[in-house]
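As a starting point, one isolated chain is supplied in structure tokens, in the form predicted on its own.
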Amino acid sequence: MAQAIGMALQGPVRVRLAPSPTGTLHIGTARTAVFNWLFARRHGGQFLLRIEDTDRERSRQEYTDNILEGLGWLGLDWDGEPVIQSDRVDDHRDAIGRLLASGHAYRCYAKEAELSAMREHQQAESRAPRYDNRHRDLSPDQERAFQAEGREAVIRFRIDDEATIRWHDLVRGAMEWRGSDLGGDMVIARRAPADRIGDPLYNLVVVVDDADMAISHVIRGEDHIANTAKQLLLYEALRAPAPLFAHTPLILNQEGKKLSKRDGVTSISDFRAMGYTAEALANYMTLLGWSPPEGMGERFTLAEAAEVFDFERVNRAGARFDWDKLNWLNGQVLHGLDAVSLQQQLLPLWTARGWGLEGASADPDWQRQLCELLAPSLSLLADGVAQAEPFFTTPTPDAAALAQLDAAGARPALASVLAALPDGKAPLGAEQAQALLAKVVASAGVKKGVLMKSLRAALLGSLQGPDLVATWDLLHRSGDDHRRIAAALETPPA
């Protein structure tokens, strides 16, 4: 029987994130990183990184770079240099050698065809697939006979069907697994000639690495619970102290199924490209499975969450991904930025479009004024591109704008505005603009509402948009208000 039961923190807290660089940083991995980081920072411990790149065929340096960049962007700093798992393969093979020597592991020569036939037979009898341990107790003569046939062997770890594996999970409480539920003796190294140890596999290398890194707590998704039962047996066989475990809830889609690529955006780099801020995304991931204390609210920074984070408030049930809440949080972050900070985030997006490189729009003060104008309506940074476009490029009037330009009194009113506009690019100012509008309303005999809609249609090509007077002021400073109003007057009637 294997046991690993613990309630209180013992020794320094050392947690790790161990992503596999076979793809970009997934939101599930990032949420796991957030929980590890919060727990480490709450207890003054260390948050370590280990790149699990032993899947040689699928691992790519570009994915490692993406993972590290994504964690840094989210504000999740780590302690020390990342451990590269493939650099430790000799340590993994040494551990397997010790398990072979102690009798906890053995070489299995069963061919793939034989194993497939075994599984088909089990399926035909409606039994769960499991290895039947057929080569667990081979005699030396039997082994030599298989080797003479040219068979290569995997290495399997013995799992006693009668064993009971118990541990106290920091999220789920008392956990118990039977050895008979773990699928038979576990493969811990891939197939290789009898005089060699093949490539070590996940459950073995994770135990060796976590033990050598003195990991105190393993915080990961609930889909690893069965692995935890197997790994506790390995800790016991290797005579290594086991860490405490916390299995967090999975992130679910709106249908209650595990969030996957089929649901669309799941990569942190994709969220970033869509215009979500690091602060909002990190805030939201903290809420995916953790409930903040009463009075804290749902809007907070990572540093604020780290002051109160604990596993008692981590839910056992899956966390449904809520786009509306994420959008709300992102809007709150953007609305809270001052004009300079928002400009720093939007300017790279604008210049990527070739905007703000010359003329009045290249003036930092003009750009900051535009940021102040747009900020209240932004939910995503991408909105700051779409809504800024009419200020940098001349818009094509939409159907509603064209209809407004044909409204009774619209063109005479615009002609009066154009005639009354001062020359130059000095700020128009709210008082001067309001006075000019009042003068036109009186002289042209048109209602103020018609004038305002017509002016908006001329300046923005739409009846929707931010505050008209502030919009007009910005376009006046760039000289575009004269040109756009004149162009609107020349627009042929619909």
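Each residue number is its position in the shown sequence, starting from 1. What you see is a predicted model, and the numbers here were worked out from it, not measured in a lab.
Separately, the form predicted together with a small molecule exists; it is not shown, and the next lines address it.
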Which one, 389 to 397, 198 to 206, 111 to 119, 304 to 312, holds residues whose non-hydrogen atoms are within 4.5 Å of the small molecule in the predicted bound form?
198 to 206
My question is simply whether residue 224 lines the interface with the small molecule in the predicted bound form - judged by any non-hydrogen atom within 4.5 Å.
yes
Do residue 18 and the small molecule come within 4.5 Å of each other in the predicted bound form, heavy atoms counted?
yes
So in the predicted bound form, does any heavy atom of residue 156 sit within 4.5 Å of the small molecule?
no
4.5 Å heavy atom contact, residue 230 to the small molecule in the predicted bound form
no
Contact residue in the predicted bound form, from 104, 220, 93, 135 (heavy atom within 4.5 Å of the small molecule)
220
